[in-house]
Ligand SMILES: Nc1ncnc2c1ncn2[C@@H]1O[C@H](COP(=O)(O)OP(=O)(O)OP(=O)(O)O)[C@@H](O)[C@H]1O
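Have a look below at one chain only, the form predicted alone, in structure tokens format.
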């Protein structure tokens, strides 16, 4: 199966890269270089060819190369879901802009061309840190299946912010709350349905898969209890929310929990290596599910993923990526981390040469 792919990538004043160009041929890609050479910056640039704030969730102004700070641009030619396209995204002192084939487009248009799944080192503590990170991880997976999920989340968050403002101002007139709570309930229903569908797809993609990585059983937990009628529950909960100064019910409180299925051990009680393996397993399941839906696997962005795997697991990961037919763009500090990928992938040496990035393809 031939996957979605970045074919050429050009960066202008993006992070550490004043000007850079890379050419890919659809195979997995290894970006190799010392810490601080700019490898992750390349992954981040690719991630901005999808809707949202990218894999670092950085503010637009923070993406510009310093000290110039004159704006930045990422341009690419890609093999998309139905055709080849030229994509551009940039910012020059304002919000991020997007062009598709030379025409201005909304960010959501990018999701109709490419789908991406990524893992970054910040996720390594996903199972032992606060629930917010797990919700973000879940919603990123949901977005890969249903790009319009973002609109429901934004609508819910806007209505909730307005409700929270009323709560903080100790407004008690129920007429001020009714419309906002109805909006929250409507958006929450879409969010809940999308999340449930994504979890079902991830679980199904793990069943019967030939993989060296452990299966994870996933559940959604509602700290305040699951409610059938959110609008009514919010109305009944106003007194408690007034005391707290914020909304205590809704999808913004949901937590994602995982269990290492073969051992029956919750993810937060697993070893560091097992927690990483569970993350990789879910990433691969996400990719397999998307490949089934779309007929083509997504692009995988894997930052320093090989550094915490033994040689056997690294080989297994590369084997699964190649069997899937996905273009995985991976980073690592040592060429030896990618030895078992061999001729199945491309390799680039990334270096920082006195403030100028250097990128060289390695035969």
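The structure displayed is predicted, hence computed values, not measured ones. Positions refer to the first chain, counted from 1.
Note that the form predicted together with the ligand isn't included here; everything after this is about it.
Trainee: Taking the ligand in the predicted complex as the reference, which of 299, 37, 49, 55 has a non-hydrogen atom within 4.5 Å?
Mentor: If I apply the 4.5 Å criterion carefully, the residue I get is 37.
Trainee: Pick the stretch from 59 to 67, 334 to 342, 22 to 30, 318 to 326 whose residues have a heavy atom within 4.5 Å of the ligand in the predicted complex.
Mentor: In short, 59 to 67.
Trainee: Wondering, does residue 346 line up within 4.5 Å of the ligand in the predicted complex on heavy atoms?
Mentor: Close contact is absent here: in the predicted complex, residue 346 is far from the ligand, nothing within 4.5 Å, heavy atoms only.
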